[in-house]
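Single chain ahead, written as structure tokens, the form predicted on its own.
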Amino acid sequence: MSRETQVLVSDLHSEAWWIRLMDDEVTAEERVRWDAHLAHCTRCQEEWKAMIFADAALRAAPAPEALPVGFTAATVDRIKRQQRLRRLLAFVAGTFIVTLVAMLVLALAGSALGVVEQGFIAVVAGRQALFRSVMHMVLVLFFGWQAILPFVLGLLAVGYLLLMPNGLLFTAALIWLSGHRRAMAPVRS
């Protein structure tokens, strides 16, 4: 018996002691100690009488009837049928909800389709203006690339100076970050 069990069992009012006593697992020395305690403790006397009465009533009770043959299999089958029914009902309910939402979306899409159709008609009707604009832009870019080239090169140079390592913006960010870290560092004394 472990030390913890010995400590619990040494208390004659503990649950561990009562379990050992009811299971008749006490030594002769413990039985003498229990009898001496029982002679003086009215609380234990009442509880002991109640436990003896309950034990006698349980021993006198008839044994429960044996389960019929196939009871477990029938119970498992019934549970499986109930689970299948629940899954079927969940499927039907889910299908109903999805169908309802789809019908609602289609109804809203039908009313929105009129607006989309009007916009499409406007785009098709204005296709000549759109085509002329696109063609003009393509021609300007194709034939006027020499005019745009200095601007593109200038933007690339500015981007390189600001964003690349050793660029102005990158260097300024590193200086600020190192100063910020020094300001946040704890002061050592």
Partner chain sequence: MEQDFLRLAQRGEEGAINELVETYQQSVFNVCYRMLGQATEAEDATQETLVKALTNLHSYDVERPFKPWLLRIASNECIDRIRRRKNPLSLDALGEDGAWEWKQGDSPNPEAEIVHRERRDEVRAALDALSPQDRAIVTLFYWENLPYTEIEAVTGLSISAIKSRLFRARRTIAGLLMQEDAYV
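Keep in mind that this is a model prediction, so the values were computed, not measured. Residue numbers count along the first chain shown, from 1.
One more form of this protein exists, namely the form predicted together with its partner chain; it is left out here, but the text below deals with it.
Worksheet item: Of these, 31, 136, 127, 59, which has a heavy atom no more than 4.5 Å from its partner chain in the predicted complex?
Response: Filtering the options by heavy-atom distance leaves 59.
Discussion item. Looking at 102, 108, 79, 92 here, can you tell me which has any non-hydrogen atom within 4.5 angstroms of its partner chain in the predicted complex?
Written reply: Going through each option in turn, the one that passes is 79.
Discussion item. I'd like to check something about residue 170: if you look in the predicted complex, is any of its heavy atoms closer than or equal to 4.5 Å to a heavy atom of its partner chain?
Written reply: Looking in the predicted complex, residue contacts with its partner chain do not include residue 170, since no heavy atom lies within 4.5 Å.
Discussion item. Under a 4.5 Å heavy atom criterion, is residue 51 part of the interface with its partner chain in the predicted complex?
Written reply: Heavy-atom contact with its partner chain at 4.5 Å: present for residue 51.
Fill in: Touches its partner chain in the predicted complex: residue 55 (any heavy atom, 4.5 Å)
Residue-level check for residue 55: yes, a contact with its partner chain.
Discussion item. Residue 83 versus its partner chain, in the predicted complex: is there a non-hydrogen atom within 4.5 Å?
Written reply: Close contact exists here: in the predicted complex, residue 83 approaches its partner chain to within 4.5 Å, heavy atoms only.
Discussion item. Could you pull out the residues of 21-42 that have any heavy atom within 4.5 Å of its partner chain in the predicted complex?
Written reply: If the 4.5 Å heavy-atom criterion is applied to its partner chain in the predicted complex, 21-42 yields 22, 23, 25.
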